[in-house]
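What follows is one chain in structure tokens, specifically the form predicted on its own.
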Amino acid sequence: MGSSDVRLSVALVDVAEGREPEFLALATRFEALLLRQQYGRAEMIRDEAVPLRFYAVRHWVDAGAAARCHADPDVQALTAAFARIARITHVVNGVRHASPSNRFLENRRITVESDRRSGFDRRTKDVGPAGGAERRRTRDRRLGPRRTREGAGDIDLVDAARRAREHADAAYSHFKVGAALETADGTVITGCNIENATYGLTICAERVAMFKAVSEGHRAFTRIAIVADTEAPTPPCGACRQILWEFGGNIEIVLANLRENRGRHRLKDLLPLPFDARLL
């Protein structure tokens, strides 16, 4: 471990009240797994000033070991278990994913043709109740992982998508969409649709969220919430379905408007015959 190739990752962990024994048991299993598989070593450091706060420190053997760890199904299962009982905020990411072989679970990476519709195949106007802008004016507009939960281990993904929608740049269609993508470790990455005078360069909220997440090193995802100001559910367009499948696999799709949830689906039901690396 004395090599200059050693990498360090640190995450801030806020454990849900009453779940500390379960959390510490998971931490012990995780530490043992990293040592057994020779990925590196992990330690959990308690914050003496905040009773249920810990710092998860991972000392990787090297960037390759970190990549193998992230792709390990046993590690992914433990990470998902952590996310159910704690809020996890990444502080230091000392590794980089350098190649397509570091993708989550399987290499679904393919070359995707540019989508000429780029979000304009959605309905072109909001049909929600009048006064929506005034009603939302008092909503807390701050975003980020710390603002997406009511408490540790309790993610309000739809509300995060509603807040993200307020930042949409929809000068041409006036149809604003927000998305919130949950990673396997409980981090929430948001996105909104961003339009362009060259319509083909417009990008949907779902792809913004996914690309942000991948660029920050996330490779495992559980679900995504999509919000628009419409009575009927607004599902992802074809291009977004392909991108979500490419990086997220059969994740859960939560559809909602500004007042209520409008449906839940698995991506395989929205994209029943996907094209991916298995066909190459």
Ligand code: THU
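All residue numbers are counted from 1 along the displayed sequence. Because the structure is predicted, anything quoted here is derived from the model rather than measured.
Omitted from view is the form predicted together with ligand THU, to which the following refers.
Contact annotation: of the candidates Cys204, Ile189, Leu157, Ala86, the single residue with a non-hydrogen atom within 4.5 angstroms of ligand THU in the model of the complex is Cys204. Proximity to ligand THU in the model of the complex, defined as a heavy atom within 4.5 Å, singles out one entry of Leu52, Cys237, Ile243, Leu26, which is Cys237. The closest heavy atom approach of Met210 to ligand THU in the model of the complex falls outside 4.5 Å. Contact check for Asp72: every heavy atom lies farther than 4.5 Å from ligand THU in the model of the complex. Put simply, Asn193 is close to ligand THU in the model of the complex: some heavy atom of it is within 4.5 Å. Proximity of Gln76 to ligand THU in the model of the complex falls outside the 4.5 Å heavy atom cutoff. With ligand THU left out of view, the stretch that reaches within 4.5 Å of it through heavy atoms in the model of the complex is, among 41-49, 228-236, 26-34, 215-223, 228-236.
Contacts between stretch 156-190 and ligand THU, counted in the model of the complex as any heavy atom lying within 4.5 Å, involve Ser173, Phe175, Val177, listed in sequence order.
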